[in-house]
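A lone chain, given as structure tokens: the form predicted on its own.
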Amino acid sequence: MMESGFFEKPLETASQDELRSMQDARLRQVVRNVYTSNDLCRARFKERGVSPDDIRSAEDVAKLPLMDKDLFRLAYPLQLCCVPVRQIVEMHMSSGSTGTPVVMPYTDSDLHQWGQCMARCYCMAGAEKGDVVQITPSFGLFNGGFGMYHGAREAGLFVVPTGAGNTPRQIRLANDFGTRILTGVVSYGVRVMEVLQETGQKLDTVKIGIFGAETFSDSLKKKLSVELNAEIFDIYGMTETGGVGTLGMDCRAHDGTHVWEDHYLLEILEPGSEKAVADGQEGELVVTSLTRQALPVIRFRTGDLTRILSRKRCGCGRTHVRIAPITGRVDDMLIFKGVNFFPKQVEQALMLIPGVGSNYQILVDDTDGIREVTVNVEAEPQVTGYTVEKVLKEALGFSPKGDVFPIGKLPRQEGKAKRVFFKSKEAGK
């Protein structure tokens, strides 16, 4: 039975001792299952010199081999699967358009686990049984639409499964059906905001916006909150952990992302090494799934940079660890004139300029081995290139090239927005 603000209150408010006990037992079980059911995983364990008997508590997770996206791609399509194929009832895969995709299979139990994690997120945002939720992520191989759907069914919500695109119709349906909860990828939330501004319309009943799948600066969250007149939440999850919402979301205190520790064991490691960092120090998030059947990840390097904010009970009553919003990815850090920066820092700075739109491009040109960085942004006529350059120099420590374009003039992509574009060539070629 769902209580107000909670979906599974006893588990969401379990003591740290109770959570540690669950993690100890579940880690032992999942390691044994993976070891006995998958030849590739068993070989990797043996290469590391570890067996299930060596795993007695959550602290022993460091003895296990690490996984990454390259392993998933090497094992395409189902070489990492730990159940017979006939037990698989659904699959999703990464939304990347190049290279071998990352595939995640699901058993009935896995879909239920996914739905429960997502339902917790809905309820944490203030959803109540019978609320209308509009699901704008696509229903397909990308996990966003189905994840939002599975969670909405678990939470007893009224689903309006619009999928992506046709934003004017989305706005009409939201007003016609009394949508209270709007979900989507971050860039689609921005698109809804732009259409509202262009048409002078309002979302009359939307009070909760749940967005994810892309890095999300505080400045953009505030802008979306004002323009949509809704409380905005940043949901977290990825294909490898089972999809959107599996890892967690921020609560109404908006003081970090709660991660569901009864389902996932977290480590924060120095990028490129296996050395754990202290709480509060930034590093790469490494995740072990404790309750998934078809393909439980063991020490998966997410590539996401974050830090532990708190392990104490939150003001919302939840006891699960809180991590900082993702600042970027290990592999998307850019270097220019000796300065290291992430695309999220550019967005954070741009959103502080009155009149600047929410669409921008970072162009990186490495012609002849000389790197140039250009930042193009959409803005109202009163915003000058000088203003943009000044703000970016204060935020980043250098002045990138760039131009200011009228609102709506920069290209847009379906699904996740692409912000960084690379160009590289040698002279004479």
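Computed from a prediction, not measured in an experiment: that's the story for all the values here. In this text, residue numbers run from 1 along the sequence as written.
What comes next is about the form predicted in complex with a small molecule, which does not appear here.
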(request) Give a yes or no for Thr239: in the predicted bound form, does one of its heavy atoms lie within 4.5 Å of a heavy atom belonging to the small molecule? (result) yes
(message) Using a 4.5 angstroms cut-off on non-hydrogen atoms, would Ile326 count as touching the small molecule in the predicted bound form?
(response) yes
(request) Mark Gly144 yes when one of its heavy atoms lies within 4.5 Å of a heavy atom of the small molecule in the predicted bound form, and no otherwise. (result) yes
(message) I'd like to know whether Thr215 contacts the small molecule in the predicted bound form, with contact meaning heavy atoms within 4.5 angstroms.
(response) yes
(request) Choose one stretch from 153 to 161, 201 to 209, 298 to 306, 347 to 355: the one whose residues place a heavy atom within 4.5 angstroms of the small molecule in the predicted bound form. (result) 298 to 306
(request) Could you work out which of Ser94, Gln113, Thr319, Thr167 is the residue within 4.5 angstroms of the small molecule in the predicted bound form, going by heavy atoms? (result) Ser94
(request) Check each of Val286, Ala294, Ile181, Ile235 and return the one that places a heavy atom within 4.5 angstroms of the small molecule in the predicted bound form. (result) Ile235
